[in-house]
Ligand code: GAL
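Let's start with one chain on its own, the form predicted alone, as structure tokens.
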Amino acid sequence: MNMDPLSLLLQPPVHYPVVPYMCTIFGGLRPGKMVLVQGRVSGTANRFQIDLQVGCSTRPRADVAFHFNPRFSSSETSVVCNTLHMEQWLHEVHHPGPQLRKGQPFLLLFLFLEDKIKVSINGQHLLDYPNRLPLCDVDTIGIHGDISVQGISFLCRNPFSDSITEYPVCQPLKLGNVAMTTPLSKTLPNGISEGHMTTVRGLASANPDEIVILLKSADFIPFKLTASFRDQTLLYSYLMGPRWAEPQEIQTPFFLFHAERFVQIHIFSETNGFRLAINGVPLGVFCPPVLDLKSINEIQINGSIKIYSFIC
């Protein structure tokens, strides 16, 4: 049965989430609901996982009703499925997964029934998994590992009959806008003000060198962020006069950028500086000696990244 998934949306789709990613499934799961995940396996992938779980607690860890875990070795791909209950894994089930390949796109559809979960990939049946925990308790999806995700869609079964267990035909949901290549520049004729938020979301290239974001005015550059893949450093600097200030290395537990992974950068403007967060990790406030927000008239993005969302 052909059906436009847009007519069956239960909640807004998520486009280009940064992995690891977790979100609520509004209203939880029930027989007939579907979750559609569009993505691409990293060219150097070891594994990834999609967890359908009961809440998002980490201590104690939330129950995972369905743990979908493709693993890639040099010779084959296998899919390990399991359930986590009261912080204990149950007996795991192994399935062959030749349809999932390193460096290749995929369209995964999870179809939830009374007694089992049916999984298809690119329109072809992959596996069935029995419901070991009550389906009605599941209200969260988590995605982790070596993949990039283009979209997550939450679909209802209606008007399909509950007796029909074949997969409906679901086409990928698209944003309608192609990625913007760098270098990318946007003018700000009225400058920016205190409380202004700049958000950049994009995908690092397969063999990245560096990513650079600049806030500029005619006379100075109060904000320069450089993510260097060569030496795994994140640097802030500014230009006041003829010379750049000595770069300030931003300390993080690990490098926040990865090849072929999505990244989200927030720059929040304050009276004396810029508050920075990357992939939800707050990194502090960075202040040039002098700052005139109204004089900032351009934002530039350069380097090894395709931009999917650029809000300023």
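Note that residue numbering begins at 1 and tracks the sequence as displayed. None of the values given here were measured: they were computed from a predicted structure.
What comes next is about the form predicted together with this ligand, which does not appear here.
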Requested in this report: Determine which one of 86 to 94, 233 to 241, 180 to 188, 105 to 113 lies within 4.5 Å of this ligand in the predicted bound form, judging by heavy atom distances; exactly one does.
Outcome: 86 to 94
Query raised in the report: Can residue 47 be called a contact residue for this ligand in the predicted bound form at 4.5 Å between heavy atoms?
Result: yes
Query raised in the report: Does the 4.5 Å heavy atom contact test between residue 67 and this ligand in the predicted bound form come out positive?
Result: yes
Query raised in the report: Is residue 206 a contact residue for this ligand in the predicted bound form, using a 4.5 Å heavy atom cut-off?
Result: no
Report task. Check whether residue 197 has any heavy atom within 4.5 Å of a heavy atom of this ligand in the predicted bound form, and answer yes or no. Result -> no
Report task. Note which of 140, 82, 131, 228 lies within 4.5 Å of this ligand in the predicted bound form, where distance is taken over heavy atoms; exactly one does. Result -> 82
Report summary line: Assert contact residue (this ligand, in the predicted bound form, non-hydrogen atom within 4.5 Å, options 201, 71, 118, 216) equals 71
